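For reference, the chain that follows is the form predicted on its own, supplied as structure tokens.
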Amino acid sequence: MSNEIKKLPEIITPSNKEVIIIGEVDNGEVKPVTIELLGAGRDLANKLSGILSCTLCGFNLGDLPKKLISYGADIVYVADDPLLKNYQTLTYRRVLIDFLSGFTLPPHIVLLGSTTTGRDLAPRLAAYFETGLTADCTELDIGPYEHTNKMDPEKVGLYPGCLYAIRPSFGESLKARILGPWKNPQMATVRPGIMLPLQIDNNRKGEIKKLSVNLHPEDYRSELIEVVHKINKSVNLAEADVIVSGGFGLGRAEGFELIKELADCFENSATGASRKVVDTGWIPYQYQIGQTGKTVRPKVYIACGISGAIQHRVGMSKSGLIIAINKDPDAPVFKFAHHGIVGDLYQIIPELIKQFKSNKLQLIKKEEEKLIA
């Protein structure tokens, strides 16, 4: 071989420049992570000068495929069948493997959410196609990769348009860029609440294609008995506009009563927590925000008694407005908070609650006066 680096165009060609989002439906609605992935996928597809598509499996999907087009998809592949009413590992695996195997060349990129469904399904698809998979990504990009290690001479060359799957590593202190250029599809799962969705455009045009459903006897090895939807508004962190979180600085479990009272001052609010208080047993795991908890993006995030360790920061740093309350002026949280209050939270939070409630009463009185007038 000459000293010139050879180009390996067979990895990505004009015929397989497709970014595919594996969509999710829950209780008759498209999951927010699917809309978020379409926003990220649109950027990748544009950099590839390729196509952004999305799959949707379920039953009685109605106008949901059109909604995905409004959020950026060029093509929506739909498998609408009574056998797919509820997610089951083997049935959904079969439909998606049949779909992806139908391409002349494997599509370049396949993305899923780091949800219960995505984490179950993604490794099964990757194993079938014997390709790589990066989990829990927080960033995605497209770029070239030049392989020069002559231990694998057949892999030496320039790989254009590789998926850069970026995720935190070493306790969130570093970012790892992970590539799998050797084989398509290049796959990744992405944390919910991280990527920005596109603005909805109901005039956007796209194509809806029907997928066939051909299940095998071995796809029925497991049986779904019941689907239980547990609704708890106080822990609906993903959709809350305002989140008030408590940390170890509360000093005691009873401090969360104050945190919840502050959260109740806002519409569509929720209570959150840091990992340390969850590990201590002050509050259940479903409230935890951070690397090993939930990733959120509320309009307002109020961190009370939270030091701001990077493990927590990764779960809430994309919030619209971050307000920190901490008695330690050197707490790391003040380095990334938009506004900070240094002091005893047991003095500050009651005063905030008092002011919020007072303002709310004044607004109610003004509305009543308008009605009387």
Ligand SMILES: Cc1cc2nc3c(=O)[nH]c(=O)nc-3n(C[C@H](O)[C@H](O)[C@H](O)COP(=O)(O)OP(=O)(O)OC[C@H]3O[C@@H](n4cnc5c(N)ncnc54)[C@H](O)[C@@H]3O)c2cc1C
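Bear in mind the structure is a predicted one, so any value in this text is a computation, not a measurement. The first residue of the sequence shown is number 1, and the count goes up from there. Here the rigid core means the biggest group of C-alpha atoms that line up within 1.5 Å when the two forms are laid on top of each other.
FYI, the form predicted together with this ligand isn't displayed, but the following is about it.
Contact with this ligand in the predicted complex, defined as any heavy atom within 4.5 Å, is confined among 215-223, 260-268, 288-296, 72-80 to 288-296. Not displayed here, this ligand is approached by Gly247 to within 4.5 Å at the level of heavy atoms in the predicted complex. In the predicted complex, none of the heavy atoms of Gly58 sits within 4.5 Å of a heavy atom of this ligand. Contact between Gly308 and this ligand in the predicted complex is found at the 4.5 Å heavy atom cutoff.
By the criterion of a heavy atom within 4.5 Å, Leu64 is excluded from the residues contacting this ligand in the predicted complex.
With the partner removed from view, the residue among Ala331, Ile51, Val30, Leu44 that has a non-hydrogen atom within 4.5 Å of this ligand in the predicted complex turns out to be Ala331. Heavy atoms closer than or equal to 4.5 Å to this ligand in the predicted complex belong, across 318-357, to the residues Ile325, Asn326, Lys327, Asp328, Ala331, Gly343, Asp344, Leu345, Tyr346, ordered by sequence position. In the core-superposed comparison between this form and the one not shown, the C-alpha atom of Gly50 has shifted by less than 2 angstroms.
Relative to the superposed rigid core, the position of the CA of Ala303 differs between this form and the one not shown by 2 Å or more. Core-superposed comparison between this form and the one not shown: the Cα of Gln186 travels less than 2 Å.
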